[in-house]
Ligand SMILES: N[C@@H](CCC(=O)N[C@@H](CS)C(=O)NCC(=O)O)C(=O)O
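Given next, in structure tokens, is a single chain: the form predicted on its own.
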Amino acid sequence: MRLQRWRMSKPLLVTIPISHYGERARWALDLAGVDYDERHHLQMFSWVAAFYHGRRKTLPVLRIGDRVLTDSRDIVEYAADERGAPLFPASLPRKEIEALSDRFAGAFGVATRLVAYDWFFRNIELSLPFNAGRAPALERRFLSLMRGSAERVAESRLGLNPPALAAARQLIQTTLDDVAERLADGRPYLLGDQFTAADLTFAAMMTPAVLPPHHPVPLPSPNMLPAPDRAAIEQTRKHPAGAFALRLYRERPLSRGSHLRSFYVRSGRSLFR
């Protein structure tokens, strides 16, 4: 019997559990009050899930019936424009919000991801359980067994090397200082008195750098990390921009996603558990 897609009555969000791009999409849906199902897939397996659901190589993907959104930016816009999330206030220039959001989700988001994978692989025994989220058991077992290969794939695909890490850390510091300067006049949010997609995107992209305790997918506490990594996280948390990101997480609405572990179904039974 041929494989059939799992047809959901609610929107289906497909993510890598600890991905900050997945968190950007998740947060937008939560802010809009959307009830959705979420399916977690781990690195490498995510390529299969992304192609299956969205005919591309990266997650997140949001399926709404037969409609598919394949980028966190598109999911944010869907949450705002079609589901009412207050992310583009009419009193503020939308183009400015979009430009700031794209800046954070672009090179800055890539930089924070690179630094995160650096400490992730250096603390692999600690990291793997948090990385797993609610992904299928098969994926969790495979990644645990093949973690050496996974690290080599990550190094190749992400450019995980000392020069790239140095450049990423410099970009992160420059961005943090720019955000702190923007907030220095006492404004509560990046563009004034109203929370926007730019604030959401900045906080989501900061996730690997501050490990917020209010993140909907559990993350390790800095106290669990070796001293150098713990010191780096704590220093970023104390930076005005890091403290701002943590404050936004404290204000973040609770997640409305229901978690699923199955991937494909055959005769109503999951092939992945």
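For every residue, the number given is its place in the sequence shown, counted from 1. Given the structure is predicted, the values throughout are model-derived calculations rather than measurements.
Unshown form predicted together with this ligand; subsequent notes refer to it.
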Only one of 243 to 251, 212 to 220, 31 to 39, 46 to 54 has residues with a heavy atom within 4.5 Å of this ligand in the predicted complex, and that stretch is 46 to 54
Hey, in the predicted complex, is Ile16 touching this ligand, heavy atoms inside 4.5 Å?
yes
In the predicted complex, does Pro60 come within 4.5 Å of this ligand, counting heavy atoms only?
yes
Answer yes if any heavy atom of Arg113 is within 4.5 Å of a heavy atom of this ligand in the predicted complex; otherwise answer no.
yes
Interface membership of Asp71, this ligand in the predicted complex, 4.5 Å heavy atom rule
yes
